[in-house]
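Given next, in structure tokens, is a single chain: the form predicted on its own.
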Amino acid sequence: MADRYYVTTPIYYVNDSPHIGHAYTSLACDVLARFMRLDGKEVRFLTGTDEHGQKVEKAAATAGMDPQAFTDEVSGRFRRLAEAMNFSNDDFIRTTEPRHVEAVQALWRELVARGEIYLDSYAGWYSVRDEAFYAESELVDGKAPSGAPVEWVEEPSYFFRLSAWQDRLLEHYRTHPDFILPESRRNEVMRFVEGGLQDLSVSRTSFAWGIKVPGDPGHVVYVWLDALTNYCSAVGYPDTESPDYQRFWPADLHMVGKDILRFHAVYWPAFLMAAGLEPPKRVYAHGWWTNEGQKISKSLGNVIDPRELIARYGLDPTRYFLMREVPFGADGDFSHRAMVQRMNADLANDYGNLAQRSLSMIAKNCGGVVPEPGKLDAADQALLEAATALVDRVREHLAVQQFHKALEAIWEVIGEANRYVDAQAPWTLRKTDSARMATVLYTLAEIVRRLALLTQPFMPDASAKLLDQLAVCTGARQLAHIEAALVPGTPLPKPEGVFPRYVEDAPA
């Protein structure tokens, strides 16, 4: 249904505290959710926490805590991150919730009823850190491809008939070429599946912290079958006739980091199709961040806490930098120098200066009200049309998760608008042609309004301040109002800078 949009973050594993990677994934989803709402769609934006498994059981034991109390505490940190980053999620799911447990057990029963799960025994390599099984051929120097240690596991296990889904998965990828993006990740998954799939162990008996297998409580459901089901349980599964399920499933987008692509692009669609359910429309796997050129790791002590970035640089500049600095999908490097450059060049000099000087000239020369324009000339029309055309350009880029390109398109118009100010020189027109000055300043106010509408998904607070300064009511901030136009004579509040320059604190 074109009038709805369902976007999900991965649910975050609660054995650790949130970091820049979590913030990045969720921010991308938040931008999409906000844009789709502004574009008139009914949106469901889901995030949450993954709370079962051996890794969590061990982390809780190390902390000297009961697993439920441990997950309650750590899950709360992810909720607080969502609040700190101003995420607009509609739901926050926890895999310890009754609605989720019910959904997982229902999916299990359905897979058993369809002959897709059988009991056998497992013997092979398992990584607790990755919560993943690995074939001997996948090990690198005796470790998982991720570098995580592996251990030999032998235990009774239920298996999912993944091998039977190889050809059907490949057919799905071929008939839905945008199911996995970016294309490099799609090719990676295709190669993996073409290499042959083995049946997947989907239960464990060596630990207890998990959802019990229906009818065999000595087993707990494999954490990935458990976790992935959250995307369905949050919209009402197993009640596939419920309004939420009918309206929002299949999901439009699962946003994930590239390290968990296989689970989402191979196992998850196989589970769903095996249960007679539709797979999601897209899985997008983005890249990883480094810190000043170094891989981020706790051992190096260079983990980036997004709350520290917010405290140092401000929330909207942080959101802008993360979405603009790196081509989305690729790996990226965080550096203080790059952050300050974006803040001062893009935000303060380009966007902030355009808004501040436009509104200040209106306050000074037009009595603090929206000026009355005369006949628009070719330069005025061209600039206004460029700003209006941005809606389609941004829509096209965000449809394929190219956040950086959407922002580049917006900044092209900001650049055009700044050149327009210099060419028109309204400070000179004030003395020679006040009517033309009013037309130029009206055009500039309109450009700032249209730009502010389009930057709302990326920088909601700063954009709201700009729209407030233009006296745009909250009911006229949808993209459908892009050509609504300011009403001449409308009083405007005193202009205030929205994007201050970043100045280093002087050493003590």
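Predicted model, so just to flag it, every value in this text is computed and none were measured. All residue numbers are counted from 1 along the displayed sequence.
Not on display, but discussed next: the form predicted in complex with the RNA.
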{"property": "One residue of H481, K465, K55, K41 in contact with the RNA, assessed in the model of the complex (non-hydrogen atom, 4.5 angstroms)", "result": "K55"}
{"property": "Heavy atom within 4.5 Å of the RNA in the model of the complex - the one residue of T205, Q356, T96, S75 that qualifies", "result": "Q356"}
{"property": "Distance check, K364 to the RNA in the model of the complex, heavy atom within 4.5 Å", "result": "yes"}
{"property": "Any non-hydrogen atom of I296 within 4.5 angstroms of the RNA in the model of the complex", "result": "no"}
{"property": "Non-hydrogen atom contact G352 with the RNA in the model of the complex at 4.5 angstroms", "result": "yes"}
{"property": "Partner proximity in the model of the complex: V421 to the RNA, non-hydrogen atom cutoff 4.5 Å", "result": "yes"}
{"property": "Candidate spot Y122, Y222 and F499, all three touching the RNA in the model of the complex (heavy atom, 4.5 Å)", "result": "yes"}
{"property": "Contact stretch among 148-156, 108-116, 411-419, 272-280 - heavy atom within 4.5 Å of the RNA in the model of the complex", "result": "411-419"}
{"property": "Contacts with the RNA in the model of the complex - residues in 377-411 whose heavy atoms fall within 4.5 Å", "result": "none"}
